[in-house]
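The form predicted alone is given below as one chain in structure tokens.
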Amino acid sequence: MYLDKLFSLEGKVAIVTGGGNGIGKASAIMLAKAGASVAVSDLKLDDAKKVTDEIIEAGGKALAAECNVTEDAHLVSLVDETMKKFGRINFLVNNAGGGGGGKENPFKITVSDFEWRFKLNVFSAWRLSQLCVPHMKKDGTGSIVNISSMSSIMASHNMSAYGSAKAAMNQMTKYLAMDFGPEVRVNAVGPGAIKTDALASVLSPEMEKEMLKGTPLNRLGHPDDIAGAVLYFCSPASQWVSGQILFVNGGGIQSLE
């Protein structure tokens, strides 16, 4: 295989959830730069539109879709819109998620809170995969990339629901790789602390220094660091890789504990 083809996604179509900001935005733009047409979905349609405008202005192809991933009708509509616009689906990036952040005091959160973390982070990714895979198999090739978290393998206070949900996502990734092969590969990326706009707004130099004590590469991650891993898992460069979880974390764990 020629080197220039290893990361080419020309003629392929991707869906990215939570694509309006941060890791999702960076992933959508990087996949588009590699040649894919991208359906950018987000809870906030305006954010999705801004990303699609950026992709189109750079010469790419994109579709903006409003999508609450906890609503089944939205997931079905997202897949239908993508097929109507582009006629195929090859890549799915399950990036939408949330929770954690030290806000899950087990004496204060409810069973409903815990259940919601799983619905947002795990159930939605499973369902959207179920909807997309038949199209991938019909097309003869596909790759699903689940965005997990370092919280899935570490221990910290007040993150039991989010961390458990992301751990479930890791194991789901391995099982679905078995179920969906050989045409469809399923992998996950586990980000460390990523310097998104949201984190940067509350991060002091002292906090950052403390977080980096156990990080050999001595910096926080950027959205493009994760987008690069997403591109790898979608591209022909990873054509014999499935059922894997790649932690992109600067070589360590960023924690304030």
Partner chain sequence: MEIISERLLKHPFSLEGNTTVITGAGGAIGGTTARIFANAGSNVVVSDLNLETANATAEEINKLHPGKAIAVKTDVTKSEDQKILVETVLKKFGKITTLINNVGWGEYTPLLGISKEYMMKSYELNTVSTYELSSLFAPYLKKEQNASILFSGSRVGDTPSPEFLSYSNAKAALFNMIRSMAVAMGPEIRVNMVMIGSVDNGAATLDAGYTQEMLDRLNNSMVMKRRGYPEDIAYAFLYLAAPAARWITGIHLYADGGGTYKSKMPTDD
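Residue numbers count along the first chain shown, from 1. For clarity, every value in this text was computed on a predicted model and none was experimentally measured.
If you look for the form predicted in complex with the partner chain, you will not find it shown, but the lines that follow are about it.
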Of the listed stretches (37 to 45, 64 to 72, 209 to 217, 196 to 204), which one has a non-hydrogen atom within 4.5 Å of the partner chain in the predicted bound form?
209 to 217
Are all three residues Gly181, Leu246 and Asn249 in contact with the partner chain in the predicted bound form, where contact means a non-hydrogen atom within 4.5 Å?
yes
Using a 4.5 Å heavy atom cut-off, state whether Lys166 contacts the partner chain in the predicted bound form.
no
With a 4.5 Å heavy atom cut-off, would you call Ala177 a contact of the partner chain in the predicted bound form?
yes
Determine whether any heavy atom of Gly60 comes within 4.5 Å of a heavy atom of the partner chain in the predicted bound form, and answer yes or no.
no
With the cut-off set at 4.5 Å between non-hydrogen atoms, does Gln254 touch the partner chain in the predicted bound form?
yes
Taking only heavy atoms into account, state which residues of 2 to 41 are within 4.5 Å of the partner chain in the predicted bound form, ordered by sequence.
Tyr2, Leu3, Asp4, Leu6, Phe7, Ile29, Met30, Lys33
